[in-house]
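Only one chain is included here, represented as structure tokens and corresponding to the form predicted alone.
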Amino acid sequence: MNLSSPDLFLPEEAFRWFGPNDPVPLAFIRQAGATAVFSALHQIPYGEVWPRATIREHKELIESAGLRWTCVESVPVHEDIKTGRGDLPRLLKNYTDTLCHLAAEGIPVVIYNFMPVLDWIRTDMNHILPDGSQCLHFNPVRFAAFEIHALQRPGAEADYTAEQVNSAAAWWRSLDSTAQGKFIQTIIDVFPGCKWGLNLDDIRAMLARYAHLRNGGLAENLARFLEAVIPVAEATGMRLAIHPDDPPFPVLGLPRIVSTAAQIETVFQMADSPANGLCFCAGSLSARPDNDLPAMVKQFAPRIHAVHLRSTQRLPDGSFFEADHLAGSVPMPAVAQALLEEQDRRRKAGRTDWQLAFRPDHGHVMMDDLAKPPGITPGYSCIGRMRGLAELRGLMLGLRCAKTAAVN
């Protein structure tokens, strides 16, 4: 069997690329075997229109390296849209204008998230594993220390057990002022693709803007956003893919509304359209033990427009770390099999978007990358993601070959 044959109908392999300043250049991504990138215009402030000429320039740069810009990750949603306050008509029009410009340049999928204040949260960006490689780690005790002792959020203690509160206090006292400062920056300065230079007062001010929201308020603001953008996406042939919450449970005293199967179903009901879809992130969803990932793929299969494949290892104390792509708490063979079956179903139905695009997410820092100077976005080293891509490729080829052998 020719393992590179297009008759195997495998998903498209991609890497995330943060633009010309990314320490992992497009040439390395192509050498890893990927054919596409998930990318964005990180230099444009949140809420502003992406000019078509700038989109075209970015696309041509990617194509000149022999790759495709198959998915936008992300067009960020401005905080005013999430809080429901500010110049919403202007911000929503800017977003839809950006969608129109992307559609005109032939880029069909846009990922976005609706996580308030901070996007993904980790408490250690360089957690050392037994083999010496490094990964991302979330520890609820250390996050409690951030909330209670650094941010000093009123009422934060009530969100943790007495044991967690006591352990957080002891851990915080064990750090000197320099270590405390570095830890704080670990939490608040991880916006992908850009550095905002935020401080604790900035985070407090951002949190204060959510104080008026009642129960369900964040979901109502998401519904308003979808009501404005989905008709434009439909008209232009775009597909929007909301990213699950990371981690998939409430943080900072604020709700998370894309953490469970029931919540994702609610998002789809807000705008019942094929254009209103999901970025299936196995890693984000896996940090919650009651999420059945293969079942979620099957439940939401027609609405999955982009895929992030990684795994976390959950621990009994509520912490988790980024595991190897085929290890940890994610039953990756079952997830991959469900995705392949969805591709087959789409292809038989004649859908032009039958081929899913996936990328290996949050690779470990390992081998030569351990000796390189700082500058790589946490989770996005080259070698670790290349290893993940190779493992996922092998898994999917094995599943395809097993199916072919069974038929024959």
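Residue indices: 1-based, along the sequence shown. Keep in mind that what you see is a predicted model, and the values were worked out from it rather than measured.
Not pictured, yet referred to below: the form predicted together with ligand DNO.
| task | Verify the contact flag for Leu226: yes if a non-hydrogen atom of it lies within 4.5 Å of a non-hydrogen atom of ligand DNO in the predicted bound form, no if not. | result | No, Leu226 stays farther than 4.5 Å from ligand DNO in the predicted bound form.
| query | Does any heavy atom of Asp202 come within 4.5 Å of a heavy atom of ligand DNO in the predicted bound form? | reply | Because no heavy atom of Asp202 falls inside 4.5 Å of ligand DNO in the predicted bound form, the answer is no.
| message | When the contact criterion is heavy atoms within 4.5 Å, does Asn113 count as touching ligand DNO in the predicted bound form? | response | Within the cut-off, so yes.
| query | Quick one: does Asp189 come within 4.5 Å of ligand DNO in the predicted bound form, counting heavy atoms only? | reply | It does not: once ligand DNO is placed as it appears in the predicted bound form, Asp189 has no heavy atom within 4.5 Å of it.
| query | Among Asp87, Glu105, Asp119, Glu157, which has any heavy atom within 4.5 Å of ligand DNO in the predicted bound form? | reply | Of the candidates Asp87, Glu105, Asp119, Glu157, Asp119 is the one lying within 4.5 Å of ligand DNO in the predicted bound form.
| One residue of Asn139, Asn94, Asn221, Ser74 in contact with ligand DNO, assessed in the predicted bound form (non-hydrogen atom, 4.5 angstroms) | Filtering the options by heavy-atom distance leaves Ser74.
| request: Look at the stretches 146-154, 105-113, 287-295, 163-171 and give the one with heavy atoms within 4.5 Å of ligand DNO in the predicted bound form. | output: Only one stretch qualifies here: 105-113.
| task | Any residue of 284-316 with a heavy atom within 4.5 Å of ligand DNO in the predicted bound form counts; write them all down in order. | result | Contacts from 284-316: just His308.
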